[in-house]
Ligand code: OSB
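Here's a solo chain for you in structure tokens, the form predicted alone.
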């Protein structure tokens, strides 16, 4: 591969319904869509999952654009690349900024898969033809509203229900859900809303047979989570704390987590995500793929990653129509009774609809070798 041009687009897409977590409410999604073009004309697509503000981590849409323009794009333009893993190595001297790195690395993985006549899933080593998926539900105006939403998704066949929690919206919520849906796989996602002072409070969640509690404590912590896990029978899943294979190794060694949520953007790309997957597989720690309100491009990358062997738990990659009136890919991602059929076409397996992309684009710039 030899990348000759890269175009960054800033897209803004309205969500079908507000999505609320412990750190804020989203009515729309701003993100960067990256198009890379190889010397032979092959086009690959990547997506930044950074938000407009630094709620989830320190990165934002604006800082991602800056990092891509000033540091990352110059490293790959007009450079001979045999395999996408080399991109991970090229970026090693740049600290963090993982979402920016993932944006461009994902596009190069797409090109590589097309040029080797493989689906992205196959290029990564995935073998599954279908993946089980769950749904992520934000904080609702009332428990009654939440129960109605959960009932609808259970009837649609989603394999796992993830519910956002925060202090004041937790124990009663999970108790009601478990009483209403005794046989459904349910998990709670706290997005770092608690501290060790809440141990006795959080231990009440053990009564509800939850699949896991995701990231209850600080986003940069692996020490206090080990203390909390020793006190709880419910498995703790780490999300925001895991940015690399080294983070995963240390968290597992400390007993801070029994499950890891792998998000491609958070860990810096598909290569690092695969390394974390392989390490967790060797250490009997199951993994699953979390969501970041992606458009169809990011969703396609998640689907491909989830075909790897140790993704044994349903992820957050719901259907396109869960979030968007019109996604940017053809066909849109659909869910059939809680299952997504993995595309087998070369690359990400979906066509980017340029007319729809143009409709959502608010800014763009092209960089050439």
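Residue numbers count along the first chain shown, from 1. The structure presented is a predicted model; accordingly, all values stated were derived computationally and were not measured.
Just so you know, the form predicted in complex with this ligand exists too; it's not on screen, but the next bit is about it.
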| query | Any chance residue 311 has a heavy atom within 4.5 Å of this ligand in the model of the complex? | reply | no
| request: Using a 4.5 Å heavy atom cut-off, state whether residue 239 contacts this ligand in the model of the complex. | output: yes
| task | Evaluate residue 65 for contact with this ligand in the model of the complex, applying a 4.5 angstroms cut-off between non-hydrogen atoms, and reply yes or no. | result | no
| message | I'd like to check something about residue 56: if you look in the model of the complex, is any of its heavy atoms closer than or equal to 4.5 Å to a heavy atom of this ligand? | response | yes
| query | Considering this ligand in the model of the complex, which of 285, 77, 199, 292 comes within 4.5 Å of it through any heavy atom? | reply | 292
| Of the options 191, 229, 88, 97, which one has a non-hydrogen atom that comes within 4.5 Å of this ligand in the model of the complex? | 191
| So, 9, 47 and 350: all three within 4.5 Å of this ligand in the model of the complex by heavy atoms, or not? | no
| Which one of these stretches, 142-150, 106-114, 292-300, 205-213, sits within 4.5 Å of this ligand in the model of the complex when only heavy atoms are counted? | 292-300
| Listed by sequence position, which residues of 108-143 have a non-hydrogen atom within 4.5 angstroms of this ligand in the model of the complex? | 136
